[in-house]
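Take a look at this single chain in structure tokens; it is the form predicted alone.
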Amino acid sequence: MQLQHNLFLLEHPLIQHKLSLIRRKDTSSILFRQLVNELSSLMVYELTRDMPTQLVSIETPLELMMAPVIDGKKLVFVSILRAGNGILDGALSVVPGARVGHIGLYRDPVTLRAVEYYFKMPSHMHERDVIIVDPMLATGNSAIAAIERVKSLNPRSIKFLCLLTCPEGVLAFQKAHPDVALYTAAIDRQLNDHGYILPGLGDAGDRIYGTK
């Protein structure tokens, strides 16, 4: 469902069901990773509804025909390290031919600002469509910084995918990048004083990798 310009809430029952399971504090790391994988594949499926196709000649067991196919190599999934990597397997299960880029950002515990430490992208980005993935859009600082870096490579288009966000994150995101479509499965109540989403699901990276 489109809530407003470039803001999309993915309300499919399977997406919402799996997100509820992920939120539970007693969900183990193994199950958490599995559910994030499943949830991200469902969300990417929704996200790629408008992917362009082209007709190519194929042969069925009965005859030749012109059939639509996508060019997965034109799509790039960009993971915001490290938690974004939890989404990649599910995303690539939907579009296995996609390229992958990585941007390393960590949140300064005092300022909550994003600090970059790694950036690696495929070549010829000006020919590609980009989907940036990160489980959480909280303060929005990491997403904003990641999009700024990717924009410097002039890709054909950029979308941002997160499992959940909050009003503060949406506001900051859309103020900085009103031209980038934001897709999420939930817009939670608010941020707390430490920049965590409430009710949220905790620290996605820690829960994916079993760290504290």
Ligand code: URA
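One rule holds for the numbers: they count along the sequence shown, beginning at 1. Everything numeric here is computed off the predicted structure, so don't read it as measured data.
As for the form predicted in complex with ligand URA, it is not shown, yet the points below apply to it.
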So, I197 and ligand URA: in the predicted bound form, are they within 4.5 Å at any heavy atom pair? yes
I'd like to check something about A204: if you look in the predicted bound form, is any of its heavy atoms closer than or equal to 4.5 Å to a heavy atom of ligand URA? yes
Looking in the predicted bound form, any heavy atom of M136 within 4.5 Å of ligand URA? yes
Flag R107 as yes or no: does it have a non-hydrogen atom within 4.5 angstroms of any non-hydrogen atom of ligand URA in the predicted bound form? yes
Which one, 113-121, 136-144, 84-92, 71-79, holds residues whose non-hydrogen atoms are within 4.5 Å of ligand URA in the predicted bound form? 136-144
